[in-house]
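A single chain comes next, written as structure tokens; it is the form predicted alone.
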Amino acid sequence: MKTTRYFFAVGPYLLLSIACLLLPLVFTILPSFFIPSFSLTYYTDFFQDSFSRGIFFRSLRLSLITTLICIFIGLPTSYYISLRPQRRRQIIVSLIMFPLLTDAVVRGFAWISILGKNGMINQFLMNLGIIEDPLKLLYTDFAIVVGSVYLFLPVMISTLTSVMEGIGDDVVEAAYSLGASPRVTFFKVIVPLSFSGLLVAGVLVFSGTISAYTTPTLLGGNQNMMLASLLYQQSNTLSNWTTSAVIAFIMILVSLGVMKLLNYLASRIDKRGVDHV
């Protein structure tokens, strides 16, 4: 009886999710495996092409770099915010989340004015006499990473802050009472206990970076194309839907692979934390 009530309560939402999310994805990707029989030709052709392969590895590399930078900055920042009083903590988080309220195109053009040849950074360095000619900062991998970190760092910080707020003060006080320094407490206690939030935030940042279109297109240009830009080109410009499906499925597989890797690292770190305790 309980099973029947559960089915009628959850069943409509499950069917709606399958109809709106799963089936369109299956029907989009399925043609890339059949020509007309099952084959991986489209996928092997994608990786055999040096142009597509270069875009894939660039997207993977820049997404990993962006995720690592966000983790490196987000962990101590989130811990600092979690130690503040609740009122001040809410103000800081609101200020950090403010960039997400700005349109992606506006953010992109703002960074163009900062990183361009006549931008603020080059003008500042030239006025100081550090450089004589403007540096090429725009339309580079560096520009893509800077824009992506600016875009997704608030996601990392907000996720980690909410997790660290749940770590009781008694845990930190216990570590201090056992002789642990603040640095040891942070790396041996806070980081392992917040790794579940780090896992979620890492997946969100990586998936968002590898699938972002506006920021890499505006800051990277055509010479530094990412997978999302290639997907847009193949689908909207060339109407090559099969190759678009191949790119989309590769992006999904890469995101799932990163999630599995972070899960594995989380389990290893949790075991080390238990052993040390």
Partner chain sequence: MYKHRFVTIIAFITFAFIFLPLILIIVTSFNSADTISLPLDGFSLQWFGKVFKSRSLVQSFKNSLALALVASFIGIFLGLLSSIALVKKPGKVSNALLSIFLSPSLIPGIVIGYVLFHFLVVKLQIPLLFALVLGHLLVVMPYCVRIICASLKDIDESLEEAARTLGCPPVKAFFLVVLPNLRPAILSSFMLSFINSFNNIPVSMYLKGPGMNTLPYAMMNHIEYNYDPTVSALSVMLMGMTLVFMFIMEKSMNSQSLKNETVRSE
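Residue numbers count along the first chain shown, from 1. Think of the rigid core as the biggest set of C-alphas that the two forms share within 1.5 Å after superposition. Just so we're clear, the structure is a prediction, and the values are computed from it rather than from any experiment.
Omitted here: the form predicted together with its partner chain. The next part is about that form.
- The candidate spot formed by Tyr79, Leu83 and Ile252 lies fully in contact with its partner chain in the predicted complex, as each residue has a heavy atom within 4.5 Å of it.
- Although the partner is absent here, Asn122 sits far enough away that none of its heavy atoms falls within 4.5 Å of its partner chain in the predicted complex.
- Put simply, Leu137 is far from its partner chain in the predicted complex: not one heavy atom of it is within 4.5 Å.
- Asp103 belongs to the set of residues with a heavy atom inside 4.5 Å of its partner chain in the predicted complex.
- By the criterion of a heavy atom within 4.5 Å, Trp111 is counted among the residues contacting its partner chain in the predicted complex.
- Of the candidates Leu199, Met164, Val189, Val146, Val146 is the one whose heavy atoms come within 4.5 Å of its partner chain in the predicted complex; the others do not.
- In summary, among the residues Phe34, Phe51, Phe57, Phe27, the only one with a non-hydrogen atom within 4.5 Å of its partner chain in the predicted complex is Phe27.
- Although its partner chain is not shown here, in the predicted complex the stretch 224-247 places heavy atoms of Ala228, Leu231, Tyr232, Ser235, Asn236, Trp241, Ser244, Ala245 within 4.5 Å of it, in sequence order.
- Put the two forms on the same core and the Cα of Ile252 is off by 2 Å or more between this form and the one not shown.
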